[in-house]
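Just the one chain here, laid out as structure tokens, in the form predicted alone.
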Amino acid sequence: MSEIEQFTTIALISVIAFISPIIAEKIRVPAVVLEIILGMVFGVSFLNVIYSSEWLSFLSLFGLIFLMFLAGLEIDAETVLKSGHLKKVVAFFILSLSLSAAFTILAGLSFFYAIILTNVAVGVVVSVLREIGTDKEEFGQLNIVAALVSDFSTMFLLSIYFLTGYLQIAFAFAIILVFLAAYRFGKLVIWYFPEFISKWFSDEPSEIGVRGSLAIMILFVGLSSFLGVEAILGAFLAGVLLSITFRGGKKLYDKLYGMGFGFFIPIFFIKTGSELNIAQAEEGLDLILLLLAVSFAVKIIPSMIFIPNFGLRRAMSMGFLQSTKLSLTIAGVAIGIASGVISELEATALVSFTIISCLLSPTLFRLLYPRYHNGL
């Protein structure tokens, strides 16, 4: 591929990344969904003007790593631990995973599908709850905690799933030990060098906080790669480490989110969309419809344990909202197809299912949620 084609592709993706959130806000859909759809329009499905290259592959991979890093950064351990419904939330997750696993066994599919069906799009859940003004209420907080628990658990399961052999699994737990040691070390640094840490959250021209955060992310990713473990686990743990160590450095987090969602992460989603063949989606229509039906069932049935707390309608609405899929599902699909776990046809069906789920689940939640009464 010539340099002109490479720069033209990067320029086109940059334009798509720029206009996607503007259009998405107008039509009230997540920007990620529109990025994937526009990627399909300019990719192999239609115009075929997005050319693959080493540059694009690297930027897309870095976008995936950054996405997992920010997913870890979203984990609010304090909120989870202080939740009065933590035991029920854990039971909700276990029931959901068990039902998903039972489905995969009956359908003859891999456990990969059980992980995907159990996952929840935390960002979408929080956004929807904020829109209806219930994110600070007990019901809203319960939904957020449930989404966080599912997100963390499925992220870890997804990382473990792609490991082969006992040695790699041992290495995965070794990374967790490094994570715990780094957390302890971080606490000591905060205690003995508070002035240095305060610079991480200041507006100094050196941007020491951004540099340090990226260094931690890349170190964990490098360690994962060295040990033969999926890079997404290292990136995710690096994000969790920053989250629980600093517990809310908003200014720093805003800069990291700006870097990630402003450039690198859109490249990953647009490239993912560009490689999907819409013709294959028609072939996988049965799988798409089956996944949608099962994704609702494995969340709505477990949500019935919350009927004593919130009534039938709110409990059911929670099931619909918790069935929302997005970023981690797409990330899992990208890793799954690269690892040979799923075929291109399955990947197209899973991405199509994710897009439909992200649009349909919040809509059904809003229709069912009894905003002005306590349910049945």
Partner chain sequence: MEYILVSTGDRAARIASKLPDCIIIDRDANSAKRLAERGFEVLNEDASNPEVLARFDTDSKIILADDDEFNLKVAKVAKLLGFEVFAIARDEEKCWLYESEGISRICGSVEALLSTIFEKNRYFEIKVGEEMDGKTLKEYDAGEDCMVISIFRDGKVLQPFPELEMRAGDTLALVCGEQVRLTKNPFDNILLLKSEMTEKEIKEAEMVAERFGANLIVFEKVGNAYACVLEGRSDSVNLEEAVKILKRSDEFDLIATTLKEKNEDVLKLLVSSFPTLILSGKEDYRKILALVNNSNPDVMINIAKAFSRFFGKVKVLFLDEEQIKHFSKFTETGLEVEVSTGNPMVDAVREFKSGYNLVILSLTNDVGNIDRGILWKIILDKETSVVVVE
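Numbering follows the first chain given and starts at 1. Just so it is clear, the model here is predicted, and its values are computed rather than measured.
Beyond what is shown, the protein has a form predicted in complex with its partner chain; the following relates to that form.
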Q: Only one of 226, 183, 257, 173 comes within 4.5 Å of its partner chain in the predicted complex by heavy atoms, so just point that one out.
A: 183
Q) Of the options 140, 249, 212, 123, which one has a non-hydrogen atom that comes within 4.5 Å of its partner chain in the predicted complex? A) 249
Q. Only one of 294 to 302, 276 to 284, 127 to 135, 191 to 199 gets a heavy atom within 4.5 Å of its partner chain in the predicted complex; which is it?
A. 191 to 199
Q) Using heavy atoms and a 4.5 Å limit, would one call residue 153 a contact residue for its partner chain in the predicted complex? A) no
Q.
Does any part of residue 204 reach within 4.5 Å of its partner chain in the predicted complex? Heavy atoms only, please.
A. no
Q.
Test of understanding: in the predicted complex, would residue 104 fall inside 4.5 Å of its partner chain by heavy atoms?
A. no
